[in-house]
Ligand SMILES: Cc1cc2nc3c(=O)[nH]c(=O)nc-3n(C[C@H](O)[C@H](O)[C@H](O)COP(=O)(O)OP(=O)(O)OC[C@H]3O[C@@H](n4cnc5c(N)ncnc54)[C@H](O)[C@@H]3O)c2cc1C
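Heads up, the chain below is alone and in the form predicted on its own; it's given as structure tokens.
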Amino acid sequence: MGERSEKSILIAGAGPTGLTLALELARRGVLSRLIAKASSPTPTHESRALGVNARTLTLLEASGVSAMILAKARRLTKFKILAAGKPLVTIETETFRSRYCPIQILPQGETERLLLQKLSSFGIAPEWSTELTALSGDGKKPVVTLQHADGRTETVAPDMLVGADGAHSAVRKAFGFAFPGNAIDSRFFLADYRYAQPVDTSFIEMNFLNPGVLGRLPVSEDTMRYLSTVEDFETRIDHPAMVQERTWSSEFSISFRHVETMNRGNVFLAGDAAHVHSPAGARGMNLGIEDACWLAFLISESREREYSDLRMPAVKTVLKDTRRNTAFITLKNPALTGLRSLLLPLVNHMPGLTTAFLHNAAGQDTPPPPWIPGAQ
């Protein structure tokens, strides 16, 4: 570990993945430098990621961040599935036998701020508004040119470069990592509404409109998020209280892509820089945090060459699951949507399927971290 602490590690990207990597390295005595093109953490009212799963809480427990998350997060007790407003399935999370609830709700911006707070105790802070303007060299000795907020440029040659810089990763592109995959036809639409009084935030609801779907997710005590594949979905919302304001809206398409290897020499990729997929199952941020924790552990053990071999099976598992789940919720064929409505109520009487669903929701379908005794 002493040898590692003398090596220079540059992390590009200060989202949840980059922040977690810097924190997990720091608590193991390994210092890193963290840069971000963004000028600040994700605005809390524009947080795409909301779910923090049980695997992430297990991973962040040693740093103290899990306790901070639990103090602010909202516990989900139910997953509800309906068709045209008619209840089909209700899954109770309390049936899941684990130390943590499968998913807690906390906007990504708040999770980032908790990671930043803990990271500051190690004397580390991101260099905001710092952009990678040129990347050269090879995987063994990358060379990076940085442009800082004040216009100053700087060229550095870190011993390790980690791209945690998102789906459009400059690091991935510069060092020739292929990023194969495909986009799906369906577009998704999102709107957050704040209400004049607190609303029930204990459940996630998915209502099949046949065709199309309308999802309802809690954001905070008085704010709900609605997700849909139907453009006029806001006319179909059954608001739980008087609307105070529409705080955010967005639309996006979905791709399923992953790199073929997560490291080349001393260049590593983590999070969305290495894999992107559907938000179904709330796996994106959680999988990136998982990447970061594994990479920090391996670096501290001088085993970073094993990173890609150890992480790729997990990445492929999650992409396969989210692709299947997305195909299921975006069905358009009337015969198939009818069959779905007919079969889903059977899940209420099949504990094995419920357990499997919660196991995946908790993020426990990938290999458990070997450095945490008894981790699931």
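Keep in mind it's a predicted model, so treat the numbers as computed, not measured. All residue numbers refer to positions in the sequence shown, first residue = 1.
This next part talks about the form predicted in complex with the named molecule, which is not shown.
Within 4.5 Å of the named molecule in the predicted complex, heavy atoms considered, which of 228, 130, 93, 220? The residue in contact is 130.
The named molecule isn't shown here, but in the predicted complex which of 316, 324, 48, 332 has a heavy atom within 4.5 Å of it? Looking at 316, 324, 48, 332 one by one, just 48 meets the 4.5 Å heavy-atom criterion.
Closest heavy atom of residue 21 to the named molecule in the predicted complex, within 4.5 Å or not? Although the named molecule is absent here, residue 21 would stay clear of it in the predicted complex, with no heavy atoms inside 4.5 Å.
Although the partner isn't part of this model, could you tell me whether residue 285 comes within 4.5 Å of the named molecule in the predicted complex, counting any heavy atom of the residue? Because a heavy atom of residue 285 falls inside 4.5 Å of the named molecule in the predicted complex, the answer is yes.
Can you check whether residue 33 is within 4.5 Å of the named molecule in the predicted complex, heavy atom basis? Residue 33: no, not in contact with the named molecule in the predicted complex.
With the partner left out here, check for me: in the predicted complex, does some heavy atom of residue 28 sit within 4.5 Å of the named molecule? No.
Counting any heavy atom within 4.5 Å as contact, can you tell me which stretch out of 259-267, 157-165, 74-82, 301-309 lines the named molecule in the predicted complex? Correct option: 157-165.
Suppose contact means any heavy atom within 4.5 Å; which members of 239-262 contact the named molecule in the predicted complex? Only a single residue, 252, comes within 4.5 Å of the partner.
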